[in-house]
Ligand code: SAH
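So this first bit is one chain, no partners, the form predicted alone, shown in structure tokens.
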Amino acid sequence: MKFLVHTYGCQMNVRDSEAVEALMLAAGHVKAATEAEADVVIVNSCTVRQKAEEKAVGKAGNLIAAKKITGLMGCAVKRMGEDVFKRLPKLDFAVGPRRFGAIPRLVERCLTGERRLLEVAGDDEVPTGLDAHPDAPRTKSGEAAFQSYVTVLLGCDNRCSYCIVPDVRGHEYSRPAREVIAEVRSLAAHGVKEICLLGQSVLRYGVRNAAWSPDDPSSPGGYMEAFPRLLEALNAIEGLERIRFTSAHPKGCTDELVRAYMEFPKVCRHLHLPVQSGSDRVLKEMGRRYTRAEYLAAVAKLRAFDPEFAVTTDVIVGYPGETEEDFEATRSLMEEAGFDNAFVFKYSPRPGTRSAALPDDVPTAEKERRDQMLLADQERRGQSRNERLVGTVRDVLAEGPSLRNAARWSGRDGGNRIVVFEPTDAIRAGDIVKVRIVAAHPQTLIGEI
């Protein structure tokens, strides 16, 4: 059978989809080049925002109408449970985010005529299939991959008031270090040069399990050192050039983490550190477990040893009860932190979260105004920070032709900044090249070999 996977949502969903593709290939199925030629189509869903869930469910409905064997996987399935078949009565199968390892088996059952199959794991169930990778990872163009995601932490126990992730992804589960190291070694042996370690709050790796000892990387130990020691082990893998990770929480910005950045050269000096608000009152309402001062102290700790250290963030505007004073506190925090980039989201309630019980009392037009103000601030701030890099030489991982100008190539430096440059004939995707920065834009650097 020919199959295809459509993915909506975060990097973790991208990685889950890659694992499903590997499992389907191992089961003897063939990846289709187009949706038209696919016999089986699997839609990997997101439910962090209503619009994302609607897109995935709508796509599955269109596939059912096209008479494909259609499966829905991911977070939306966990949220809806059996109600998924009320939304999509003719759906063939549905699988929660910790049960995607069952998909090849469910496809086989569908081929015998069974329908409306549902598998949703419990919040503490250990997932299967996490280490599934094709023997040689490929890009969408079919070329050998030089970048790959690696999931190290599943679920989340932070319980922020607005977030549905703990309900749909379950409790935290840290993969054994031995398993992660073996996966990364295999990827490096197949030409992968850059990995990005994934977790909803990745710096909490080892809190509930999978910490460390010198003799057995999978045995229990103290979590404060578990993630930095994992970075140390991965830094030693031959052929691997870069290590990234996302997403982080300020509580994880420990001295041990800072030492890992300083001592392990493959660990890229960039951290995505969501702040969500600069108001202590709103942060407390959100259940974020840090104050404005503690967040800024974390940023200062990262920049103290490297002023060019790149910090990016997420911000929510229009949270219930957010006043103009609260909003201005967010603006001033963003200015003080000097973010390299920021992703701004307008608050929308999600069913089942604590904040959904609160009045959504910030008008839509006001949310839009605040959104646009923060984006304009960030454009100016990004321009200023990038201009400081003009004249410097950056190590850039070449990714291929630029989306806007095929005559130029783009790649990223260690701070995850996009760098655009004119290539030479000798450069290949995956090469790390030295590029001198000659011009700067708010979100892009322009350079020359």
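Predicted model only: the values in this text are computed from it and were never measured. Residue indices: 1-based, along the sequence shown.
In what follows, reference is made to the form predicted in complex with this ligand, a form of this protein that is not presented.
- In the predicted complex, this ligand sits beyond 4.5 Å of every heavy atom of Arg178.
- By the criterion of a heavy atom within 4.5 Å, Thr128 is excluded from the residues contacting this ligand in the predicted complex.
- Although the partner is absent here, Ser279 sits far enough away that none of its heavy atoms falls within 4.5 Å of this ligand in the predicted complex.
- In the predicted complex, this ligand lies within 4.5 Å of some heavy atom of Ser247.
- With the partner left out here, this ligand still marks one of 345 to 353, 230 to 238, 256 to 264, 95 to 103 in the predicted complex; by a 4.5 Å heavy atom cut-off that stretch is 345 to 353.
- Think of it this way: in the predicted complex, this ligand has a heavy atom of just one of Phe309, Tyr149, Tyr173, Tyr162 within 4.5 Å, and the residue is Tyr162.
- With the partner omitted here, the residue from Leu283, Leu203, Cys75, Ile316 that has a non-hydrogen atom within 4.5 angstroms of this ligand in the predicted complex is Ile316.
- Although this ligand is not shown here, in the predicted complex the stretch 30 to 51 places heavy atoms of Val48, Arg49 within 4.5 Å of it, in sequence order.
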